[in-house]
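This document opens with one chain alone, in C-alpha cells, the form predicted on its own.
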C-alpha cells in the first residue's frame, strides 16, 4: 500500500481516555507501518461542550505517548466556510433540502411511528417543499436526501471483519447535515475533512458502524474519493460491560499522574485487541514493524489493570535511576496534592544518594507513585514510629545496647565511603561512572557491616528488621546498605538516637 494517510479526530469535550488513545495508536502505527502519514484533527464545532483545557490535554497526552502527528493540527472550528460551501453545493444540486419542521412536530411524528411499531424516522414532509423567501428566514436545518429508489442499498467492506456490510437505504432517514445554528453535524463535517485531507484509511471504534453508510452516501454525493473503513471492537471491563471508570479506566493524563510510564501504557494499548504471536513486550518500533489489520481481534478486548501494572513494573525495572528520578519529579505536584500520599516534601534530588535508593527500589514497585512513597523516609525527617509495630518486635532495653554499639559503628565508617563528586544526570558517561562508584561504596558498607555483626555475635536475620524500622519507620524498605549510604552518617546517627528515645519511653511506660 502506498500514500497511506490516517487520522485521529477527537472532540475536545473531555480528557483523552483509554479508548481514544488506543484508536490514535492504531491509526498511528498502521500509517507508519506503510511509510504513510498520521494527522490529528480536533472536532470542536460543539461550542457549548468543547473546552480549551480538553483540547490541550488531547494534544499533550498524545505527545506524551509519542503519537506525534505528521502535519499541523487541524481545527474544525476554523473550517466553517468550507462546510457551508459544500452544504450549498448539495442544496443547489437538490441532493439536500431545508427542513422547517419544529421539534414538537418531529416528536409527534416519532411517537406516532413508535405506536405503530415502526422504526422512528423523519417523515420527509419537507422533502419536496419549495420554500419561499419568507420561509427561508425561519429556523431550519438542512437534511441530506437519501436515495429512496426501490432496492437501493449502501455498503462497504470492513477491513477488520473482512466482510461486506450492506444497509438498505429504506432503513436510513434523511439525516441532518447542518443544524439550526448553522453548524455542520458530525457525519457531514467528517466526510468533508477526511476527503480534503486525503485520508485513505479510517480506523475507529465499532460504535461508528451505523454512521458509515451515511458517510458513504455523502462521499458519493460530493464526488469524493472513498476511503477504506476498519471498525475496532470496543473495550470491555472484566465484568463484560462497556469500559468505564469503575473498571480502573481513566484519562491518559491520570495514568501519567499516578506514575505509569508512557512506554507501558502504549505497550498495553496495542495489546488491547491486537497481537503479534505471544509477544507481550513491544516497543513502538516493534509495533510499527509488525502491525497489521489481520491480527486485530473481532471480539471486544478486556481491560485488565493488573496486566497494565505488570507492564509498568517491567519498564520501571529497565530505567536507569536518574531517568526514574526525573519521571517521579514530573508527577510530583500531583502526588504532593493527593490525599493518598500524605505531605511529600519537595522534588527528589538527582544525586547519587537518591539514585542508590531508586536503583534498589525499582524492582519492587509497580508505579512511580509507589516508588515516591517508598522514598518518603529519605526525603522527610519526621519519621513516625508506630507503637504497635514496636510492641510487635518486642523492643526492650537490650535493643538500646545494640543501637549504642550500632551508632558507634556508623560514626566510625570511613568518610570516603560517603563522598561523591557531583553527577551530571544528563550525561551518560557521568551517570555510568557514578553508578559504578556507588556499587563500590555499597560493597564497602556491606563488608564493614557484616564484620561489625560478626565481632558482636549478631546475625543479619536478628537485627535487619529492627534497623530497618529505626531508619525508615517501616517494616519493608530498600536494602540496609543502600539506606545507610543514602542517609549518610549524620542522619543515620540522628535516627538511631530518635529510635532509642522511643524505646526508652516505651519500656519506661510499661515498667510503671
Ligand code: GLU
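Numbering follows the first chain given and starts at 1. This is a predicted model, so every value here is computed, not measured.
FYI, the form predicted together with this ligand isn't displayed, but the following is about it.
> Just checking whether residue 208 would be counted as a contact of this ligand in the model of the complex - the rule being heavy atoms within 4.5 angstroms.
Residue 208: contacts this ligand in the model of the complex.
> Taking 4.5 angstroms as the cut-off for heavy atoms, does residue 11 touch this ligand in the model of the complex?
Judged by the heavy-atom cut-off of 4.5 Å, residue 11 is in contact with this ligand in the model of the complex.
> Give a yes/no on whether residue 448 approaches this ligand to within 4.5 Å in the model of the complex, heavy atoms considered.
No, residue 448 is distant from the partner.
> I'd like to know if residue 55 sits close to this ligand in the model of the complex, meaning any non-hydrogen atom pair within 4.5 angstroms.
Flag for residue 55 set to no.
> Considering this ligand in the model of the complex, find the one stretch among 184 to 192, 266 to 274, 427 to 435, 398 to 406 with heavy atoms no farther than 4.5 Å from it.
One stretch meets the cut-off, namely 184 to 192.
> Taking 95, 173 and 214 together, does each of them reach this ligand in the model of the complex with some heavy atom inside 4.5 Å?
Answer is no for this spot.
> Between 366, 319, 143, 204, only one gets a heavy atom within 4.5 angstroms of this ligand in the model of the complex; which residue is that?
The residue from 366, 319, 143, 204 that makes the contact is 204.
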